[in-house]
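Following this are structure 1 and structure 2, which are two forms of one protein chain, each written alone as structure tokens.
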Structure 1
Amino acid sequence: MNPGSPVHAIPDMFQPVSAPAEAIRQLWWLVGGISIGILLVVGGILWWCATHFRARPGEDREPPQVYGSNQIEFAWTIVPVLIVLVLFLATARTIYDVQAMVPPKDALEVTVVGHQWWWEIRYPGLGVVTANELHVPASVPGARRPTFLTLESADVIHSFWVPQLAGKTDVVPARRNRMWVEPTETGTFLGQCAEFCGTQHANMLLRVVVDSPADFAAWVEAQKRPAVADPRVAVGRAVFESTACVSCHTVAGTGADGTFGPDLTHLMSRATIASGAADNAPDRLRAWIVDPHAIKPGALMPAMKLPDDQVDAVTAYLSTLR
């Protein structure tokens, strides 16, 4: 984690920090500008009609009956055709700019797997597995390094959307979609699942942490290490390993190797738990273990109904997983 990196709280597509999002913003000004122009023209004509051609009191003669005019029809057909043509060409160019991008040799490859209702994040070339918070390196002049995402789903359709980095791409089961980002600024950028995926669609939040290349390398090194084994929390670890926790969660270096829930090996390196539904603070973590549904109703993790002392022990154990 870099505590210094700013969190961009508003996922605003007009503040892009990455090439695909920047291309979209440029296109927006063209399309938005033309749209506003059309709105003003049509609105102006309508205003003129409403004020100049309204019936005055006592005026009951019928106005001249005009049936149409082919010249006028031609004019207001051809002008929209030309406008549409311009918009189409600009659109087509940007589609190919973004979609036809070929990954350069040193591009970072990441696999994002959508689950009900969290994100599994794998770095196949680096041997790192994490959840809900995607770390990518910033692309710096001279050493451009875009990140290519392969999107997969474990269950239903989700959609990966971090507006400041790129447009969204659906995460479709039995299909591998690709998208790419190339952020040029460090910081944390927010997004969330954008395709309705069931009960907790609303709390399937995403954080993308853009690190400087050096910070990213350090982060990768830290993530590759197995979990810290702290003898002071041996009781909590024993409880964790002897309950159903291990059938869903992995903690590398222990017997816990479940894959149904997020990997907890470096849980404490993340800023949030429950896919962003709560801050990663000890009291929230404890509340989550006691009853996930109080924080995220419908979440697939059951309340484990552990006695208080065991909850405390497990919370203490998890709190050491840096």
Structure 2
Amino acid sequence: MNPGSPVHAIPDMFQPVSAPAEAIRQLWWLVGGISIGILLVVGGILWWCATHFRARPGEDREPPQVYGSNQIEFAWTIVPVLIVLVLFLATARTIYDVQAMVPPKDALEVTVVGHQWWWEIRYPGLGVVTANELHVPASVPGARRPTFLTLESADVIHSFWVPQLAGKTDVVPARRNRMWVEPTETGTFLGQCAEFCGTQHANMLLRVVVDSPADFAAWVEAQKRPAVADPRVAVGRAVFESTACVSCHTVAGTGADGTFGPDLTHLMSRATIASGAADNAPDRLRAWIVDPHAIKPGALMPAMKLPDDQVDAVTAYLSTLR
């Protein structure tokens, strides 16, 4: 992640930085404006009727009774039909603009797989696999670079939602859904799973890091490199490779090639661990290794029950994976 990139800590659909999110905001304002207009008109009529026809002191007769009005009948039939027609056409246009987008030849393709409770992120054309932090390039004037996401689930129904980039799209087992984003500002934008998927649904967080084209190319090159063999943490690497860790995690350039858990090759390049449940700092990483369930109850990663010296060694080793 670019250290200087701003982090938008509060996801805000009213501050879109991507074409799909902007289309959704415009539709919201139209629907909201029409709804407020209806509220004001209906409320105004009710207020006028309540004040104009109320009984006044000294009056003991009923007001004039009206037993039908063709003008009123036409008005409350035709006006709602026109309103519904406008909303239908505007919604259909927005859905078409968002869902019928054809990927240009230079579009970035990414596969996102939802797990309980983390996100696996693959870049098939680039040979990069990471977790929980999606890096995409920003579009700049004269060089559009949209990112198209193929959404899959490894277990239950999840939902991918980054409010400032696009609307939410469900992630369904045995089905591939598609969506796209085209951010025009760099920074880190927060999202999360938007479909209840188990006990840690609320902690299935997501970060989308929008890089400049140059920074994105540099990030890809860094992610393609294997883990650096640092002799100072050889003991920790040996412990890591001798435990069940290698059955669940991959570290490129080592014997660890598991795919059940997140790829750890560049673990320390991420801002968080456990899909946003904790900051990615050595002390939190150590606590995660000792007892994942203390940080994320129900997590599928088991407590490894290693002696303290081995926990320290593994933590030191994982802390070098940048």
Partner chain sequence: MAVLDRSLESSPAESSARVPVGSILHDWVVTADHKKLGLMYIASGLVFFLVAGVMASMMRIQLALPQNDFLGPNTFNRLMTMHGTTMVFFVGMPMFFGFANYVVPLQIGARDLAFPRLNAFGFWMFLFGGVLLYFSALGSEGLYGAGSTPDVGWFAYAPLTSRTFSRGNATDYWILGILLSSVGSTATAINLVTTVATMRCPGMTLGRMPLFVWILWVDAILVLFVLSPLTAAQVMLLFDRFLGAHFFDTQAGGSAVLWQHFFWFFGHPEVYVLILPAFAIASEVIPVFSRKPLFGYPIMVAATICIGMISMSVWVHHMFVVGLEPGANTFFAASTMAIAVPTGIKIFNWLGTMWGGRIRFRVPMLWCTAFLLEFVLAGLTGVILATVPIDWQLSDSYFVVAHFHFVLIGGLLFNIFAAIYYWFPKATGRMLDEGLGRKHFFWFVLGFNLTFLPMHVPGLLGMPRRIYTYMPGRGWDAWNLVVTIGVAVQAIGILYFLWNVISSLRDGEPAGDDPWDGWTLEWATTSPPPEYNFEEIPTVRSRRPLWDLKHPEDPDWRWE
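Here, rigid core means the biggest group of C-alpha atoms that superpose within 1.5 Å across both forms. Just so you know, these numbers come straight off a predicted model, no measurement behind them. The first residue in the sequence of structure 1 is number 1, and each one after it adds one.
Asker: If I had to pick the form predicted in complex with the partner chain out of these two, would it be 1 or 2?
Answerer: It is the first structure (the form predicted in complex with the partner chain) rather than the second.
Asker: Inspect the rigid-core superposition and answer whether the C-alpha of residue 44 shifts by 2 angstroms or more between the two structures.
Answerer: Yes, the C-alpha position differs by at least 2 Å between the two structures.
Asker: Taking the rigid core as the frame of reference, how far in Å is the Cα of residue 55 displaced between the two structures?
Answerer: Comparing between the two structures after core fitting, residue 55 shifts 7.6 Å at its C-alpha.
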